[in-house]
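One chain comes next, on its own, written as structure tokens: the form predicted alone.
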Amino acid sequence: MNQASTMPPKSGINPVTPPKKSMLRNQRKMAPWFFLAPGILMFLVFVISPIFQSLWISFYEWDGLGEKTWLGLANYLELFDDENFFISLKNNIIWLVLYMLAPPIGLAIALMLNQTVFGIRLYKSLFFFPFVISQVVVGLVFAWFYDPSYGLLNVVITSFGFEPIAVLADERFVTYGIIVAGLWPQVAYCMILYLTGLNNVAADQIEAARLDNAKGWKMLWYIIIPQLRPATFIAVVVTVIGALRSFDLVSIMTSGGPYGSSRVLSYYMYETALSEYGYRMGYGAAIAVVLFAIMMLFITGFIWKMIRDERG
């Protein structure tokens, strides 16, 4: 063999030099941040910044237009003497406790609909329909449903010989009536989350459990539910947030009545800060900060429990 045959063939592409390799590596590292930058910027501007602005305004007396007057912790101390604040807080706790029925009910419906029978897609669509419609529509539908004159609820009650109940005009029932209206779309959302999670359940684990004679509640508790933890996490977090920011249904169905008995913290914040009865931006911001702290307390506790269970 001659010397020319042992030489590598020439090509039109030059090998990449080490500096160019380093540049390509840096570009690959930076590319995700360029895609994330617009979302991060919007999150900082529209979420993080308003949180700190609300905290800052809560230390002032301000009507939204004039000069701010420094009050320190006076707005927060006033909350302890505000009966309307404690009524709103109590109602929010009731909302939170009863709203936690949405994930287990959604899971039960998802298990029922996770079948391969004729027309199952239609049934899924009918169960998911409440989540698609607006909360305003939900509020109006249930306001008609509870109407003491011609509402379907009282038609059924009077057919059994009982007196009609004005649910939205009775301080004893109004909060529970609104919560039922809110649970209708919330259960539908949790159902969709669990239906998606059930599609990702490992079939081999189910078959192995059946070989070990596991079925019924044992199959559900030890095999299926542990694999639904991501769906459960999202369902619980969204349900907690929905329970604590329950403004729209209260506004549409009762406007906080009767006599303020159905107020929640988000609606009371609106009344004190933005309605014609208030324009106390600082006091409304203090209520918003308390509501945010309660929400973060529940969500942080649930995340901590999820992490501890995963490590355990």
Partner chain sequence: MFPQPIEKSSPSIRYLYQIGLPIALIIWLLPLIAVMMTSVRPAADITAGNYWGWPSSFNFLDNYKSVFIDSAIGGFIWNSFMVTIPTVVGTIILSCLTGYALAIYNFRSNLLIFFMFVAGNFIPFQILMVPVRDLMLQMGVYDTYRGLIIFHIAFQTGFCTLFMRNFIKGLPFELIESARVEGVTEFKIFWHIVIPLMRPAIAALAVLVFTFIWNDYFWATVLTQGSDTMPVTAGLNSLNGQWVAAWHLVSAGAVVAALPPVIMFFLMQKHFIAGLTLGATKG
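Numbering follows the first chain given and starts at 1. Rigid core: the largest C-alpha set superposing within 1.5 Å between the two forms. Everything numeric in this text was worked out from a predicted model, so none of it was measured.
One more form of this protein exists, namely the form predicted in complex with the partner chain; it is left out here, but the text below deals with it.
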| property | result |
| --- | --- |
| The single option of F86, F131, Y176, Y222 touching the partner chain in the predicted complex, heavy atom within 4.5 Å | F131 |
| Sole residue of A208, L140, L98, L79 within 4.5 Å of the partner chain in the predicted complex, by heavy atom | L140 |
| Heavy atom of P230 within 4.5 Å of the partner chain in the predicted complex | yes |
| Proximity of V187 to the partner chain in the predicted complex, heavy atoms at 4.5 Å | yes |
| The partner chain contact in the predicted complex: N200, any heavy atom under 4.5 Å | yes |
| is_contact(A243, the partner chain) in the predicted complex, heavy atom dist at most 4.5 Å | no |
| Residues in 238 to 272 with any heavy atom within 4.5 Å of the partner chain in the predicted complex | I241, R245, F247, D248, S251, I252, S266, M269, Y270 |
| Per-residue C-alpha change between the shown form and the other one, L65, threshold 2 Å, rigid core fit | no |
| Yes/no, F247 Cα shift of 2 Å or more between the shown form and the other one with rigid core fixed | no |
| C-alpha of I294 moved at least 2 Å between the shown form and the other one on rigid core | no |
